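Provided below as structure tokens are two forms of one protein chain, presented individually as structure 1 and structure 2.
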Structure 1
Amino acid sequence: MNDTTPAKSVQKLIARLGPGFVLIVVILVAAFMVPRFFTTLNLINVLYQSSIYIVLAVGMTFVITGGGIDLSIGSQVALISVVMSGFIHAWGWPVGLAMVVAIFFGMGLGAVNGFVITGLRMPDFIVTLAAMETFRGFALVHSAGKIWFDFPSSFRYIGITRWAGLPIPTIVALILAAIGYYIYHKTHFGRYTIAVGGNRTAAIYCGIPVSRYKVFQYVLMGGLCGLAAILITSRLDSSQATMAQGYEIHTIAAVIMGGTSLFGGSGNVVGSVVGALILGIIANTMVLLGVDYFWRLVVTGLLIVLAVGLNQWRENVMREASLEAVKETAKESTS
């Protein structure tokens, strides 16, 4: 006899909706607290502010799904930005060439993380924590505390121009999310990433080059840090070594909130995008309400704990639902 109760049915429905349910609740609360939330200008502003986190969240989805974590992405963004700024301002490089080099430089930084992790067999957390300090230090040394600003108009164009009513960074982020979704679900790279994060030993016995794909995940993350550096620098029209602090925390929170398991083996690119939007809406709402910046930090920290807790609850509910389905199938086959 099926012992499913209405409460359990509601739990399963919420678990299946996952981050989509949270997004709906956050939107309704924001609209209730801020009457002008649903204005076109504000909604575009939310997408605009969330675009950097969407870009970073796509890469972090692959890293965490593969059983890793990258705490150095904020420092990578800062280092790439000041190096790129030096190319443009001090060396007079063309904007296009500087941006291409910035992305490849980011891929190089990601490769350093990947090779140290796989080559020395050190924990991802420790390596990227050390890289967070090292890259930030290099950014400070390179810039010598200088703030670069007043970039060429062709570079500022990327950050301030709208196409079809949407800012270019938002369009780039959404296109990248679609590409990330395809890679995650339709290519060997995505499937092997899931396999490596789910069971590393089994992946090795299946002949998957685990170390190689681990490095690829961090290279992808580094390249997206390069893209994020381009977008944020062009948007702010300034660059300094202290920029992008805390980006790693917000990005990880968005990914976990979006349904990616912190322990690896399962992820959700679309959910990560939704998680970034949730954080963007919350930040936007707090700004419109005039909440003090320090209290915004408190709320962000609490959200991270809440995100991990909700994700763990969701996994438990879905696991129980799967077990119940197996039991029902077994009963039907024996009856």
Structure 2
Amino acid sequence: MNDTTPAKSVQKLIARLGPGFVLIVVILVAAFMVPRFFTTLNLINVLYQSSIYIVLAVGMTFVITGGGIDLSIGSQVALISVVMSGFIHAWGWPVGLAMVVAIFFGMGLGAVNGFVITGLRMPDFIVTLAAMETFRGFALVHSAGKIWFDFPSSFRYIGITRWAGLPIPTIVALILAAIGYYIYHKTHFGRYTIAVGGNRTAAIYCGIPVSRYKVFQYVLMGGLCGLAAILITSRLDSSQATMAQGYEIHTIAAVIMGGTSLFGGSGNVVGSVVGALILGIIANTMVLLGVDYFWRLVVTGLLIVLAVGLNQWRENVMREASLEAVKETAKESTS
């Protein structure tokens, strides 16, 4: 018999909404507690603040779904940023050229990670942990103690301009998320990523070039680090070797909150975007509420656990619903 009690229906609705449900709850709570939350200025701020993490979260969704993890993204962003700044400031390169080189440089850094992981058969965690230190070290070698600032207006344009009311970094992030969604669901790359992360051995037996796709995932992540470096440098109008620390934790948190499995094989690009927005709104609301700094850390940590817990619960509800549907189908076919 199909259980259609109101409680079950609500459960299913919440489960179907997924991380979107958490986002709605967070927005409602923020709007209820902070009268100024729904001002245009503040909403634009939230979008600005979340854009960089959306870009990184899209890349990280592929990496984690593929069974990996990239702890070096903060260092990559810093290294790419200072190198690009050097091109623009010290070498006088045209801004467009420097930005293109920044993205390719990022892809190169990602390729290094990918080749070391697959070539030396080392765990992703260890390789990217080492890369985190190495890339940060190179950034410091390049620009220790130096802050690059006062970029050309054509470069700053990206960070400060709005099109149709939306900041350019947000537009870039949303377009990228749409492309990421398409790649994830509609291309071989996306499907192979899921296959590799879900069962690597099975993927090999199916003839999927696992190593190649692993490298591709890290190259994509690196390229997006390049894009994030452009966006953050343009937004801050400054660059420093010590910047972007902790980006990896924030990004991984957004991805996991969004419903991607930390163990690979299952991901959600839209969920990652939602995860980044949830973290952005939480941080913004804490400031608006004037929550004490130390308590802010406590509250943020607890909210992340709550959001991930809700997500876990949602997955269980969905799994139960699927099982019920299978049982129903089986009953119908036997009767």
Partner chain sequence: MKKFIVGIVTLAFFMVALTAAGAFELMDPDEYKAQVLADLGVSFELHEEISQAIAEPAQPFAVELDEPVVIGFATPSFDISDAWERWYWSIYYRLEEAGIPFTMNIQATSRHDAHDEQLAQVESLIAAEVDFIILGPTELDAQRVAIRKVHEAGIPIMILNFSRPFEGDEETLLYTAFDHEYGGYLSGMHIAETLGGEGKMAGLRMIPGTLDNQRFGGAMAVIEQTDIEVVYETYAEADRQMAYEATIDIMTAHPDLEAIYATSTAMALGAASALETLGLIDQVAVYGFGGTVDEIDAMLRGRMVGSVFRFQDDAGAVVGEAIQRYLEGRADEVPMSFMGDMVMADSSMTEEQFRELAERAHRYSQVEMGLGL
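These figures come from a predicted structure and were not determined experimentally. Each residue is numbered by where it sits in the sequence of structure 1, with counting from 1. Take the two forms, find the largest set of C-alpha atoms that superpose within 1.5 Å, and that set is the rigid core.
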- Of structures 1 and 2, select the one representing the form predicted in complex with its partner chain. 2
- Message: Give the turn angle of the smaller rigid part between structures 1 and 2 in degrees.
- Response: 7
- Can you read me the CA shift for R314 between structures 1 and 2, rigid core superposed, in Å? 3.8
